[in-house]
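Take a look at this single chain, the form predicted alone, given in structure tokens.
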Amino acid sequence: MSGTTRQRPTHRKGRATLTRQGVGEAALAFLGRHGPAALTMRSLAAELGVSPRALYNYVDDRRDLITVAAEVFQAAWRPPALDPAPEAWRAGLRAFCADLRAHYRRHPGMTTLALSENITLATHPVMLRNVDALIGFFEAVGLGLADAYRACMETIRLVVGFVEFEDVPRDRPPAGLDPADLAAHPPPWLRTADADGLPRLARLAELAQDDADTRFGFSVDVFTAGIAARAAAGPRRTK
């Protein structure tokens, strides 16, 4: 017997054969089109044109399928480089956040599904390197290690929260939701005819509508200002 490893054929009957990586990529794409609730072994198999049994050659079960999709998601995050120089770090952090937002918008549902299934989104070497680099960036800006870690996690929470609560309802409106309502000042659920009792909410109706990009920019600017203030105060002792 030779020492060579037998290679699986890349195509069979004119159609690309499955791989574990390919199944994960298909699951991630399926999530973007149909949402987490629709992802089952049977529904993904139907979309791929194979039997559910065929998928079990590559993943153990639905949880393993989600794990592979999460690995593909993590590996695809290729953020821009960050420069901690005083004249560059604020603009770089804004660009980093915008890129991360775009990444999560390309794969809606992955975060909430992973959380609901208790599957971590920080195991792939690419993701771990990105997180480590982001902590290092905040250290170079002037934060102590503990605050640098907190700032890294807050960056991700800010972006993921915005995508889940602001972008996803606009990108894929659920039944009964008018996306225009999300941009209104105030939104329908905060409108009131009692202008005397709630004067600030009443005055909001006079403002021009803004868009999600404006609100995201505001959130990142507030966050960036907080990082600058924290760094100017100097590293804090950890208890």
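No experiment lies behind these values; they were computed from the predicted model shown. The numbering used is simple: start at 1 and walk along the sequence shown. Rigid core: the largest C-alpha set superposing within 1.5 Å between the two forms.
The form predicted together with another copy of the chain is left out here; the points below concern that form.
- By the 4.5 Å heavy atom rule, the three marked residues 147, 150 and 161 all count as contacting another copy of the chain in the model of the complex.
- Only one listed stretch (53-61, 40-48, 27-35, 199-207) carries heavy atoms within 4.5 Å of another copy of the chain in the model of the complex, and that stretch is 199-207.
- Although the partner is absent here, residue 190 lies within 4.5 Å of another copy of the chain in the model of the complex, judged by heavy atoms.
- Mapping the unseen interface onto this chain, residue 99 falls outside it, with no heavy atom inside 4.5 Å of another copy of the chain in the model of the complex.
- Heavy atoms of residue 136 reach within 4.5 Å of another copy of the chain in the model of the complex, making it an interface residue.
- When another copy of the chain is considered in the model of the complex, residue 72 lies well away from it, no heavy atom lying within 4.5 Å.
- Taking a 4.5 Å heavy atom cutoff to another copy of the chain in the model of the complex, the contacting residues in 196-232 are 197, 198, 199, 200, 201, 203, 204, 207, 210, 214, 215, 218, 219, 221, 222, 223, 225, 226, 227, 229, 230.
- With the core held fixed, the Cα of residue 37 is displaced between the shown form and the other one by 2 Å or more.
- With a cut-off of 2 Å and the rigid core superposed, residue 61 has a Cα displacement that reaches or exceeds the cut-off between the shown form and the other one.
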